[in-house]
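The chain below stands alone and is given in structure tokens; this is the form predicted alone.
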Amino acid sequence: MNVVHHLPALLVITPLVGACVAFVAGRRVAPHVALATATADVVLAVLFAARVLAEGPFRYRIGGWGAPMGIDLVADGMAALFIVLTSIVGLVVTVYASGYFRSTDPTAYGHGLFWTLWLFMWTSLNGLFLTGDVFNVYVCIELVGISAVALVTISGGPDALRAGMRYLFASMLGAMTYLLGVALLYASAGAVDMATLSERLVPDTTAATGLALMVAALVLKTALVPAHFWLPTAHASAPTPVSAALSALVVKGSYFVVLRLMLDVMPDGYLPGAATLLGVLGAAAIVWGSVQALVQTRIKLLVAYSTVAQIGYLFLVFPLARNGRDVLALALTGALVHATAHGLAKGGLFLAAGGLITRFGHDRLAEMRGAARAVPVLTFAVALSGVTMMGLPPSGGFAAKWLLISAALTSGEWWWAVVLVVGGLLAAAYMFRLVAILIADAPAETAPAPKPVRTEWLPLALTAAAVLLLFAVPLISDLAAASTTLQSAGVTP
């Protein structure tokens, strides 16, 4: 059997098998099953990306049937990048969670519930990044939502349950809206395969309404302003490993599908005004999320609102993408670099925040003075994540903003460049405030004694990777060029 040929299927099967084994393995074995599964997924993800780079995009036919009768998995550069990001962050979260749940929530840890839900969500994310038809997107995004809601509420307590209910409402509303859009689209075009849809779509009110509903549903699931009402409480109330996964990975899943619909499926000029509207909402998210992060008094809420702000940058690609192949290549590469940098930095920042909360016994920012003396590694991790979010060189955030600003100036739409610069200044404001508190001297009676945190090096590894991502930009550019989006636009590596 040619294992390399079946990599797309193995990327879905491996975490699913791991979830099943973890469910029946028992409390002692489940963490080891999760760690073995995460390690295997990293290897598969790297091999998958290497094959895409070597051979270009390809389609994997499940059971040999293929679309439209069967199911196709689409293997291209964008899918490979998001799958590699998921595998790296997923491995770190898995290792972190082993120590976290053992010390903070023995019940969830002992029964293996977290490991089953976590690997199941990982399965659904990989399926979402690979699927080639819009109905299977619905299936995968529902599975991601169900497992994510369960993970948010895994620790119990009224705050977690309220946040979980709000998240569940948003998830169900988004899923039903998306499914209605799929039904309208199928009624008009007679297909659910994305490649087939891109060939059959013609100006039609039914199809346009369906696509508009699908994009609106995905915007809700991505928590783009003003549909972000569920994100801050869900991310802040969840256990630390769950918060990291939600911010770094889950919101990227729905955004990935928006990329597919807007840039791969819709012909040029379809849904006029939609690209500009998404850009305007992205700009609003950058400002609103940053201002809210600046006034928060609890560390996880600050980090959660910074996610709202950072998501906004991702949507600036859509108005820029209308301005020709060269601008599309710059803007898409910038968006992909930002998605990767944000995933690494925000995953590390949430893990660092969780370590600080564990160390201090609370999440009140004003009472975290002296953290730099007690846990310098965690404080350094927070500072490195700020370098990425502010867009300072040599971080991945700097490379992403540079590419997006270049795209904006090349297209003549300079106002998007202004938004990017203002967003960087606002990010500097709330991150400098956070770091200033952590490095300030604490009164002798309240200063925590130095004490090592077992998992403190893990958030530092992620945030350091986000800073060093600048050196991986050529590789990300090659993956972007190996995406169906740029290849269909005639952009070659």
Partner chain sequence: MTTYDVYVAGGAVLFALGTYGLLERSHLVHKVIAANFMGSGIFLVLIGLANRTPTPEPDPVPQAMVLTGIVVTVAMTALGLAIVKRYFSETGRTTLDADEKPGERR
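Positions refer to the first chain, counted from 1. Bear in mind the structure is a predicted one, so any value in this text is a computation, not a measurement.
One more form of this protein should be noted, the form predicted in complex with the partner chain, which is absent from this view; the next part is about it.
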Proximity of Ser237 to the partner chain in the model of the complex, heavy atoms at 4.5 Å: yes
- prompt: Taking the shortest heavy atom distance, is Arg166 within 4.5 Å of the partner chain in the model of the complex?
  reply: yes
field: Gly156: touches the partner chain in the model of the complex, heavy atom cutoff 4.5 angstroms
entry: yes
- prompt: Taking 4.5 angstroms as the cut-off for heavy atoms, does Thr233 touch the partner chain in the model of the complex?
  reply: yes
- request: Spell it out for me: taking the partner chain in the model of the complex, does every residue among Ala38, Phe48 and Val84 have a heavy atom no farther than 4.5 Å from it?
  value: no
statement: With a 4.5 Å heavy atom cut-off to the partner chain in the model of the complex, the contacting stretch among 247-255, 313-321, 147-155, 89-97 is 147-155
- line: Picking from Met194, Ala283, Leu301, Leu201, the single residue whose non-hydrogen atoms come within 4.5 angstroms of the partner chain in the model of the complex is Leu301
query: Using a 4.5 Å cut-off on heavy atoms, which residues of 183-203 contact the partner chain in the model of the complex?
result: Ala183, Tyr186, Ala187, Val192
